[in-house]
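Given next, in structure tokens, is a single chain: the form predicted on its own.
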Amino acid sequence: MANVEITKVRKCFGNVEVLHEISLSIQTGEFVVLVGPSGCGKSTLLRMVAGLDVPTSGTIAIDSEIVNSMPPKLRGVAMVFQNYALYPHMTVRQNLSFGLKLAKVDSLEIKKRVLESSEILGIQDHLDKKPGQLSGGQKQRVAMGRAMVRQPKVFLFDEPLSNLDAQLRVKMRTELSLLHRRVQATSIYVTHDQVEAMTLADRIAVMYQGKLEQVGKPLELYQNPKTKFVASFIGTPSMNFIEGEILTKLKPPKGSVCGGFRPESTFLSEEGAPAKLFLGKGRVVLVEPLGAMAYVHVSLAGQTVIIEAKSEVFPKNEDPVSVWIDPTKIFFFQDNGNRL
């Protein structure tokens, strides 16, 4: 295991700068998730750690050694890809051992590593099968096992669960979390799915338009977002936003501001709000029932807000409602997206 130090890394393709001086420290044994929308630069950054791309400027260090000019095979990293990248003509055992054979690892050591990793991942009964005989989840375990047998300093995951169905993704998230707890390996995980980020990460690095918006523990980002983008991206459903102006008897802030509040801080009755602030009257446009609770979409002053309602009886579409919010849970953002 090793630490990873990314310092002022830039990446340009021609005249287009896709990464803008990214600096990020990842501690030994830490599980860090790079999350953001498509095109934000997260996979490009991962590829540079792996050695598949070269930074335009800045440095990348693994285990305190700068690796900018070091070939991938010497960096001590192992990458798990989105598309599994298994050899279809080889058995699981052969897929797991192939890289070790190329590295001329002793045959007894190869056998030991293959057996250990297959038992940890629960694929020991599939060692003599070929990838075409496996389910999507089993193929992903084989891809992870192929990385594990190399005993790398750093594990790199490039959206490894995106090809799985929803139910299997939840199961694999749990297994990945338990696996990391057991192996305690330094890991960098790329995804556009903020639910994966929240459930897997020790820390999350939120990226947007080639920049790091915020880095922190999952709950820290949820409860204390520094920008409007982080507030909107972290959390499901997204934070509600209402445009307006702050009016005070003293100096009013210049320009408009945006108020943000989460669905669980919004209420359909005054009694339900721990601190009472009347937001206005609106009309229900959509109800998403989820069992003991529902997300109620309300049209309010030309904008739509989502309310997390907990009740035995939910409102219906087109019902008139009054909306209350907890004023202690309101966030204010400037025109540039930074939080006031």
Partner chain sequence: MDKLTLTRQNKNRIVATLILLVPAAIQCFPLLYLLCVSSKKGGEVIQYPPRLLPEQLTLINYQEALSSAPLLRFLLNSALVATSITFLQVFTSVLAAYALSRLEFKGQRWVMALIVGTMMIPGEVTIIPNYFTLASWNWLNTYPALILPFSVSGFGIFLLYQFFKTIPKELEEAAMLEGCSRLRFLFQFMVPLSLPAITAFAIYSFVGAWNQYLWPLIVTQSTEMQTAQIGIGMFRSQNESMSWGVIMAATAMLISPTVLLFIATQKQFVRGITMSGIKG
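What you see is a predicted model, and the numbers here were worked out from it, not measured in a lab. Numbering follows the first chain given and starts at 1.
Omitted here: the form predicted in complex with its partner chain. The next part is about that form.
When contacts are judged by a 4.5 Å heavy atom cut-off, K129 does not count as touching its partner chain in the predicted complex. Using a 4.5 angstroms limit between non-hydrogen atoms, G122 is distant from its partner chain in the predicted complex.
Its partner chain is not shown here, but in the predicted complex it comes within 4.5 Å of a heavy atom of N83. Residue contact with its partner chain in the predicted complex: H297 places no heavy atom within 4.5 Å of it.
Though its partner chain is absent from this view, in the predicted complex it lies within 4.5 Å of a heavy atom of just one residue from A61, I306, A50, M293, which is A50. Just one of R150, H192, H180, R169 comes within 4.5 Å of its partner chain in the predicted complex, counting any heavy atom, and that one is R150. Picking from 89 to 97, 199 to 207, 220 to 228, 161 to 169 the stretch near its partner chain in the predicted complex, with a 4.5 Å limit on heavy atoms, gives 89 to 97. Within 4.5 angstroms of its partner chain in the predicted complex, the stretch 51 to 84 places a non-hydrogen atom from each of L52, P72, K73, V77, M79, F81, N83, taken in sequence order.
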